[in-house]
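Shown below, as structure tokens, is a lone chain in the form predicted alone; questions about how it binds or moves come after it.
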Amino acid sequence: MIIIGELINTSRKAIAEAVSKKDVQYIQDIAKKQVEAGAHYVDVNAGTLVNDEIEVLPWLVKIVQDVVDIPLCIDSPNPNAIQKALEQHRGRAMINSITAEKDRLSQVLPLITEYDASIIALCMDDKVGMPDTAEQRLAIVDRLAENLKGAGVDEKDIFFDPLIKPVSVNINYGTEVLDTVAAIKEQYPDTHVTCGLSNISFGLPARQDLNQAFLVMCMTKGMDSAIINPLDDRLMSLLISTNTLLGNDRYCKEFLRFQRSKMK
């Protein structure tokens, strides 16, 4: 499982305050803790700072990469901010995200190829917007795959995000995502599937219970990445245990390492 740590995001009150105060140590500590907990990428997102994002996002990239050695996930709706962050990034980054929307596709695709970045590709287009059904999602996946592969992006660098919507709105939204994940892995086996997991439980109590259950269900369908809080011990325990039981953890090494880390 490829874990993308989600905690450095100015939509979180503590991060917004740290950015406002230029509290480098606090942000760096959050980055290091996510890596220590098992993150393979650290997401950096300043999207709530609409007027300042183009300056803040590359600053976040610099201060985080000063203390961690893993790549970052550059998360922004603003292609100009993405480019400034990529210019600052050391090594190969991940971009979050591209869609099949005409403008977004034309603006972000050149950045992927110029900076040789991996990419999170959202199942969204101009016609449907955020889709409801697996069928709608897969039609968008096909168009995204055609455009990305046509531009020379390797399948192993594509992370499809089926866009999870809350079951509080429609009880079928969970199963539609599960069907989408399975179909993507069947049709494009060399690509990855990721998601913003916590969207499934929006508007409901006991959200952690739903998030944890849905993580396991998605993994059994082939999801091999998640944008999550790696400091959530229960969630990480379920992720690692499920990965082991699915046969993806040779000699149970990751499971044993995780269990030993909890004994320290």
Ligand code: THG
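The structure displayed is predicted, hence computed values, not measured ones. The numbering used is simple: start at 1 and walk along the sequence shown.
A second form of this protein, the form predicted in complex with (6S)-5,6,7,8-tetrahydrofolate (THG), is not displayed here; the remarks below concern that form.
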query = Is Val64 close to (6S)-5,6,7,8-tetrahydrofolate (THG) in the model of the complex, meaning a heavy atom pair under 4.5 Å apart or at it?
reply = no
4.5 Å heavy atom contact, Gly47 and (6S)-5,6,7,8-tetrahydrofolate (THG) in the model of the complex = no
ask   = Taking 4.5 angstroms as the cut-off for heavy atoms, does Ile120 touch (6S)-5,6,7,8-tetrahydrofolate (THG) in the model of the complex?
value = yes
key: 4.5 Å heavy atom contact, Ala31 to (6S)-5,6,7,8-tetrahydrofolate (THG) in the model of the complex   = no
Segment assignment from 21-29, 237-245, 250-258, 6-14: heavy atom within 4.5 Å of (6S)-5,6,7,8-tetrahydrofolate (THG) in the model of the complex = 6-14
request  = Would you mind picking the one in Ile227, Val56, Ala39, Leu215 that has a heavy atom within 4.5 Å of (6S)-5,6,7,8-tetrahydrofolate (THG) in the model of the complex?
outcome  = Ile227
ask   = Though the partner is not shown here, which residues of 195-213 have a heavy atom within 4.5 Å of (6S)-5,6,7,8-tetrahydrofolate (THG) in the model of the complex?
value = Gly196, Ser198, Arg207
